[in-house]
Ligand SMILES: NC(=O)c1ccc[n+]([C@@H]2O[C@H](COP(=O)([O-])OP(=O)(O)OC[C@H]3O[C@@H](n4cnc5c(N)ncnc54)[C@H](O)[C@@H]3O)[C@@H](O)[C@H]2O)c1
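First, one chain by itself in structure tokens, the form predicted alone.
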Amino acid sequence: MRALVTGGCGFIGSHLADRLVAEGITVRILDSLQPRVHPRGLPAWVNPRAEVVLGSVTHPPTVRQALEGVDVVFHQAAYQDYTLDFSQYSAVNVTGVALLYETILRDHVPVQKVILASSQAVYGEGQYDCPEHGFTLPQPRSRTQLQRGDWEVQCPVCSRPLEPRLLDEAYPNPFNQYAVSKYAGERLALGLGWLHGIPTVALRYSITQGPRQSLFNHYSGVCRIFVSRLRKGLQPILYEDGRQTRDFVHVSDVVEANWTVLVQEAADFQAFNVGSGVAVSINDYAQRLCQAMQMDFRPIRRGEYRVGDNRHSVSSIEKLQRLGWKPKGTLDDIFADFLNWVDSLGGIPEEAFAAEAAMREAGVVQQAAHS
């Protein structure tokens, strides 16, 4: 079997390529080495047994070259960041998907399955219950509300605080540029796959963490952000009030999810959440990270928020568990593996600190008037 891993030099893609090589599969990687993710070029961790094609998933000749002789595609490549170049999200995350299927069909590439990396972001502000008005898919909290330092999601009818649900695959509700582009790409893949008989699966990743996370781009995750500050002797900055909840999953579990849906026909033409199913507040996350690093926990809360962030995002993972998959990595595993990897690199590079400054300059980070 020959596999193509787009974005295979990156965080999840490189771990997936390693797993495929270990399984005896011939691997080709297609990666553009986007400078905000790979400012130093080809990473040392790219599997030497994988063929590497450098180029974009939006460039037809490159995609044609990458697909030659391929049996299965793991489409991990995506554009993600906290940036204002909104059109680039659609160019990569939507057009790139369309070009993939277009090339498979026009060139009669006998691809047996496509597995697409989607995102928990497709759920937008999330899924909630109101004690009086029941289930709702709320709009994102308004700038006016956030400027008041009023953080909880409210019922659109009675304005009472809502109770978050675990995110169910049936109710996507994207709003920001990244979320909309990922959902559009997912719908294209599942729809074109169904219409043209190409088995396709979409995996909606929760916040994936572990070794090889980019240390440079804005979107690379809270672990990198907090570790960067703590290694400098600075305390973590908690946006909002720190009580927002997230779902953290180890990269090894994400790789196992890809393998599970590869080998099971029952997964075809469906979307699945991939997460831990466990709610962790950002405050608790920071506290446990400080403990892991043997540092005092004195977080900084100054009423700042990021435009487009949601309040609570924790996925239901029951659907994927029915296929026999289950997460094994714990938060402690995530911390240990990430810290060991950072140590192996000689620490956090100075360039990593430019990401937060760039978000502030772009207006992504805002200060509430009252908090």
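Predicted model, so just to flag it, every value in this text is computed and none were measured. Note that residue numbering follows the sequence shown and begins at 1.
Quick note: we don't show the form predicted in complex with this ligand, though the next part is all about it.
**Q** Given that this ligand is left out here, which of 314, 320, 57, 66 has a heavy atom within 4.5 Å of it in the predicted bound form?
**A** Only one listed residue qualifies here, and that residue is 57.
**Q** Can you pick out, from 255, 286, 78, 111, the residue that has a heavy atom within 4.5 Å of this ligand in the predicted bound form?
**A** Partner contact (heavy atom, 4.5 Å) among the options: 78.
**Q** For residue 190, is any heavy atom within 4.5 Å of this ligand in the predicted bound form, or not?
**A** Taking the distances in the predicted bound form, the answer for residue 190 is no, it never comes within 4.5 Å of this ligand.
**Q** Closest heavy atom of residue 92 to this ligand in the predicted bound form, within 4.5 Å or not?
**A** Taking the distances in the predicted bound form, the answer for residue 92 is yes, it comes within 4.5 Å of this ligand.
**Q** Residue 117 versus this ligand, in the predicted bound form: is there a non-hydrogen atom within 4.5 Å?
**A** The answer is yes: residue 117 has a heavy atom within 4.5 Å of this ligand.
**Q** Does this ligand come within 4.5 Å of any heavy atom of residue 128 in the predicted bound form?
**A** No.
**Q** Out of the stretches listed (261-269, 174-182, 190-198, 145-153), which one is close to this ligand in the predicted bound form, meaning heavy atoms within 4.5 Å?
**A** Every other range fails; the passing one is 174-182.
**Q** Looking in the predicted bound form, is this ligand within 4.5 Å of a heavy atom from each of 31, 34 and 37?
**A** The answer is yes: all three residues contact the partner (heavy atom, 4.5 Å cut-off).
**Q** Sequence order please: the residues of 286-311 with a heavy atom within 4.5 Å of this ligand in the predicted bound form.
**A** Heavy-atom contacts within 4.5 Å come from no residue here.
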